[in-house]
Structure formats: structure tokens, C-alpha cells
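Each of two forms of one protein chain follows alone as C-alpha cells, named structure 1 and structure 2.
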Structure 1
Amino acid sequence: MIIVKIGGGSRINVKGIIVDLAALDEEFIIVHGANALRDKLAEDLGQPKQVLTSVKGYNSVYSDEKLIDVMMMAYAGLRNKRIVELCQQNGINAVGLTGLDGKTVLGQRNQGIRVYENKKQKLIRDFSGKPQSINKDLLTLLMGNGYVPVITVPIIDELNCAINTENDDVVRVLQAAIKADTIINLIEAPGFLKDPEDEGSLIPAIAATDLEVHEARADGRMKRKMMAIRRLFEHRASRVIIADGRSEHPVSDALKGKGTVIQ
């Protein structure tokens, strides 16, 4: 079983990814983002995205109700259904799901993000939080009948409200539920880079045990990505591959070890 995370960047070659997946003879589940589409939509609608940086340096998008509307349009609507359409055009009988649908991904609303605002510490409450569990029965029911789940945010919280969360964390709880042996994370870079500005500085391999070191050095969104990946190994992932989602054959390249292989 493979979990394929399709990044939300505009240069991700979604078609190439789906064509590769259609040729796989292994079961897989897709999780995807849509941040490029969301940012553009928010801009077009005159509601530019606001990023909160927590007192500890973690970045997150301020998710008020309006932002959740935009996420539903960009993630659950346009991106999810165009991926489902591409799947159907390549013989993959996909079913698109957000965490709300059938309570596929259950989470916990955050108690408030601590941020600094004009030198004061403030608590910002919004519709965001952390995923905690997966409705594994629904996924197995669908997969057992030949359907391929294509999952994205928002997820559902303890008050049955739609909340935003980090797609990498969704992959973590999904991994905890289905114990995939390989997780492929397709991003707009060759893989993890020693120097984020230099695409040639690919780190071809990282021992799972060294992740914590890398995490300490990273900041903002990259710190979060590292931590989410470290947690994957707590749920018996055997191999995590961070690979280039922009190439012609992102999935088959990744499976050949092209990118950052963490095991």
C-alpha cells in the first residue's frame, strides 16, 4: 500500500502523477493540497491569506470562516474534482473525500495559537487544529469495492465543524490507520535541499533517526514538514520519499529512489 501526497503547488505535474499511478499494480491512496489555487482564489476574491507565526516559530494560515469557504472551493472543489476527473480518465475509479465526508478525518480544534501582536502575547482562535484519527472503515469499504480515496482538507473537529489543518498531518494519521509501507510526498523541489535556494543541493538520503536534527535547524513551514515526517516513522512507515512533483514521471522516479529517501 502506498500513500501519495500531491503538493498544492501550481507547477506540480498532476497528470504525470496520475498516469504513473494508473500503471502501478499496488494499492494506493491519494492525499492532496491546493495552496496555490487557494492563494490565487483568495487574492481574486479580495481576501488575501494571512499567515500567523506562533511564539514558537510555527507558521499557520489564519483560518476564519471566510478562509474555510475559500479552502472548500479550492481544495475540496476545484483541485479534488480535477484530480478525480484525471483519475477516471486513466482507469482509476477515484472517490474524492474531505475529512468532513463520512467523518473520514477527525480532528481537535486548536485552543488558540499564541502569537505576538505589538509586543503582547495574544491567543488567536480560528477554525484550525490537528487531525487525530481516520474513519478506517469507510476507506476499507471503498477500497474493498475498487474505489480509490482522494483525500483533502478541511477535516472535521469535535464540534463537527470544518477546520483547516496541515495535509502532512493528515498523511500521519492516515499512516497510523493503514500502515502503508511507502509514503511518497511530491513537492515543487527535487527533495530536501541542504540549501533551499540551490536545487542542486539535494539530500539523497536521510536516516529516519536523524530527522530530529534536521527539524531543529529548519523553521516555519519546513519545520512543520520535518516534524510531520518524523511522526510517520512512529507509525511503522518503512520508507518516506520526498520527490519532485514537477518532473515527467514523478511517482515512478520516486519509486526508483530519485529524491530524498528516508528510511
Structure 2
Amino acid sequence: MIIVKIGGGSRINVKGIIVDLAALDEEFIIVHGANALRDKLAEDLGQPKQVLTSVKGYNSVYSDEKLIDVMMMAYAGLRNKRIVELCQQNGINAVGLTGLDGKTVLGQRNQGIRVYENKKQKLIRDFSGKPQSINKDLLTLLMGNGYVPVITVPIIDELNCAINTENDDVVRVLQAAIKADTIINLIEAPGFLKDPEDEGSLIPAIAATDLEVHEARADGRMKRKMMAIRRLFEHRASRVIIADGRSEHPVSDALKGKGTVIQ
């Protein structure tokens, strides 16, 4: 079983990813983002996103009700359905799901995000949280009947409300539930870079035991991504590949070891 996480950047070669997946002999589930599309749509609607940086240095998008509406348009709407369309065109009988649908991904809303404002700590509450569990029965039903789930945010919280979360965290709880052997994380970079500004500084391999060190050195979204990957190995993931989603054959390249292989 493979989990393929498709990043939300504008330069990701989604068509190439789906063509590669259609040639796989192994079962897979797709989890995808849409951050570039969300940001463009938010700007077009006059509701630009706000990014919060926690006191621990992790970045997250401030998710009020307006942002959740934009997410539903971008992630659950356009991006999800275009991926499902590509799947169908390539012989993959895909079903698009958010975490809301059938309570596919159940989470818990955050109590608040601690940030610094004017050198003082402040607690900011919004519609965001952490995924806690997967509706494994629903996914087993779909996959047992030949359907491929294509999953994205928002997820559903304990009050049955839509909340934002990180898709990397969705991958974590999904892997814990279905015990996927391999997770492919396709991003807008050759892999994990020693210098984020230098694409030639690829780190080709990382030992799972060294992830905490790399997490401490990372910044911004990559810092959060490395934390999520570290937690995958706490649930006994065998291999995580961070690979270039912009290449002609992103999945094939990843499975050949191109990118950063973590195991």
C-alpha cells in the first residue's frame, strides 16, 4: 500500500503523477493540497490569508470561517474534482472525499495557537485542529470495491464542524490506520534541501533516527513537514520519499529513489 501526497503548489505536475499512478500494480490512496489555488482565490475575493507563527516556530494559516469557505472552493471543489477527472481519464476509478464526507477524517479543534504579538504571548483561536482518526471502514469499503480515495481538507471536528488541518498530519493518521509501507510526498523541490535556496543541495538520504535534528534546522512549512514525517515513523512507516512533483514522471522517479529517501 502506498500513500501519495500531492503538494498544493502551482508547479506540481498533477497529470504526470496520475499517469504514473495508473501504471502501478500496487494499491494506493491519494491525499492532496491546494495551497496555491487557495491563496489565489482568497486574493481574488479580497480575503488574503494570514499566516501565524507559533511560539515554537511553526507556521499555520489563520482559519476563520471565511478561510474555510475559500478552502472548500479550492481544495474540495476545483482541485479535488480536477484530480478525480484526471484519474478517470487514465482508468483510475477515483472518489473525491474531504475529511467531512462520511467523517473520513475526524479531528479535534485546537484550543488556540500561542503567538508573540508586541513581544507578548497571545492565544489565538480559529477553525483549525489536528486529525485524530480515520474512518477505516469507509476506506476499506471503497477500496474493496475497486475505488481509489482522493482525500483532502477540511476535516470534521468533535462538534461536527469543518476545520482546517495540515495534510501532512492527515497522511500520518491515515498511515497509522492502513499501515502503508511507503509514503511519497511530492513537492516543488528535488527533495529535502540542505539550503532551501539551492536546489543543488539535495540530501539524498536521511535516517529516520536523525529526523528530529533535521526538523530543528528547518524553517517555515518544511519544519512542520519534517515533524509530521518524524511522527510517521512512530507508527512504523517503512519508507518516506520526499520527491520532486514537477518532474515528467514524479511517482516513477520517487520509487526509483530520486529525491530524499527516509527510512
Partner chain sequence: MAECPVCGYEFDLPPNTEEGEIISCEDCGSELEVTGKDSVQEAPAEEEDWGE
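Between two forms, the rigid core is the largest collection of C-alphas that superpose within 1.5 Å. Just so we're on the same page, residue numbers count up from 1 along structure 1's sequence. Small disclaimer: the values here were computed from a predicted structure and weren't measured.
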property: Which of the two shown is the form predicted on its own; result: 2
property: Residue shift check between the two structures, rigid core fit, Lys179 Cα at least 2 Å; result: no
property: Large Cα shift (2 Å or above) at Lys120 between the two structures, core-fitted; result: yes
